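Just the one chain here, the form predicted on its own, laid out as structure tokens.
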């Protein structure tokens, strides 16, 4: 069985959304996805793409994806890559597809002279943690993720310019 990794095209958008929904279900948040095909098309394939995506195929059949975007390290003064999602459906696991996707994204980082590739993984997801450790990932347990979204984001933005 041959695995190939290729850049996603606009025709892949329905599959990308299906993988995002499947990943959300795996991560115990099946109702959290609000992404749409239209939004994925606009944000990944429009005039100013905000993300890039790789599709894995196993014998010509879609078998996983990796979605990533560039970030920037002020300390290093260099761009990096943030891997937002990596997902392989259960029926394709154990075939090296996740490893091939991660290797391809790492290759993009090297090609683009990015000194690092980073991502997050849920603390209960031991299969993924073990997989990432085996790929050489270091875990930064001292760092905490901070997020402002929804109404809290709106309030924070509204406060801009209202300081005495």
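Numbering follows the first chain given and starts at 1. None of the values given here were measured: they were computed from a predicted structure.
Keep in mind the form predicted together with a further copy of the same chain is missing from the figure; the text below concerns it.
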Quick one: does residue 77 come within 4.5 Å of a further copy of the same chain in the model of the complex, counting heavy atoms only? yes
In the model of the complex, is there a heavy atom of a further copy of the same chain that lies within 4.5 Å of any heavy atom of residue 47, even though the partner is absent here? no
When the contact criterion is heavy atoms within 4.5 Å, does residue 27 count as touching a further copy of the same chain in the model of the complex? yes
Residue 136 near a further copy of the same chain in the model of the complex, any heavy atom under 4.5 Å? yes
Across 24-41, which residues bring a heavy atom to within 4.5 Å of a further copy of the same chain in the model of the complex? 24, 27, 29, 32, 33, 34, 35, 39, 40
